[in-house]
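Take a look at this single chain, the form predicted alone, given in structure tokens.
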């Protein structure tokens, strides 16, 4: 008998009662269903968890972001309080390293961590506010807000469309029939024809000569998040770190290149397999975000880190190690480690190729 986990059984039962669901709805359940989704049950970033993001490489990333926060604080006229919202904060690693860096803005800094999976809050630092959702504009008080999101948008629910023999279709999620009285059905893809308007959008992205089987992501949730973040950050800025591409570029690649699953520090299989037991992630389509607002700055993570004097921090760490060696204790050892951290964070075949997208909202009018 094929075994079905509890979340899959719940989704199959829902589909049996209400019919197929969108791929975006499925991703939402798989990642965030209370008590069953991947993040809701403790999956996520960390050396003892499922994957590493830049903050988990070591404290250097947070140290550079702290320098960036100081620079933005100066540009905003050194507001007090200085409101910084980190969306998708996970276990709070970035916030901890920012605070440990003791930035110049520390006395004014007010960190608000947004993390929908409350099970992640236990490791958040004491000097922050944790909450499930982005605050509403003005909810945090008067003054500019900086919104940070490190590898959040790739984890927001997204849709899929496919060019089939009969035209463009939405990729939905249905369920196969049960093979026996004591055996549940399994999740399976279903194709649902699109109306003329949405099919035209697909043709424009993939080109009229798109091959049958071509797939595209539909990232309405990410665009909606950006719209909300820009409203919250009026007078400040929104900064997104993520791996990204464009819809047209993804159309020319196999969909399993840009939709990936992870668990236990390894790539997983098909996203419908064993929901809730693995991360489901998608490359961020910059052009779809640009339908809300075009980024003021779009650069690689390596370029961003160097702009805020990464090399200077590495050189300082190396000098400390050479001067003190192991007698310098943990600070000297951490200084030596900066070389390896910097290599990982700027690797053009890895984290260094991530995009850093910035929107300045000082001139926005809502």
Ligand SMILES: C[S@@+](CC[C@H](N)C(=O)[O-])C[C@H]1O[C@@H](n2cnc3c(N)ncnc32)[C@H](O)[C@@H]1O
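Everything numeric in this text was worked out from a predicted model, so none of it was measured. Residue numbers count along the first chain shown, from 1.
Although it is not shown, the form predicted in complex with this ligand is what the next lines describe.
- By the 4.5 Å heavy atom rule, the three marked residues 55, 90 and 114 all count as contacting this ligand in the model of the complex.
- In short, of 232 to 240, 75 to 83, 155 to 163, 137 to 145 it is 155 to 163 that has heavy atoms within 4.5 Å of this ligand in the model of the complex.
- Put simply, of 245, 120, 97, 261 only one has a heavy atom within 4.5 Å of this ligand in the model of the complex, and it is 120.
- When this ligand is considered in the model of the complex, residue 150 lines it closely, a heavy atom lying within 4.5 Å.
- Contact annotation: residue 197 falls outside 4.5 Å of this ligand in the model of the complex, judged by heavy atom distances.
- Taking non-hydrogen atoms only, residue 267 never approaches this ligand to within 4.5 angstroms in the model of the complex.
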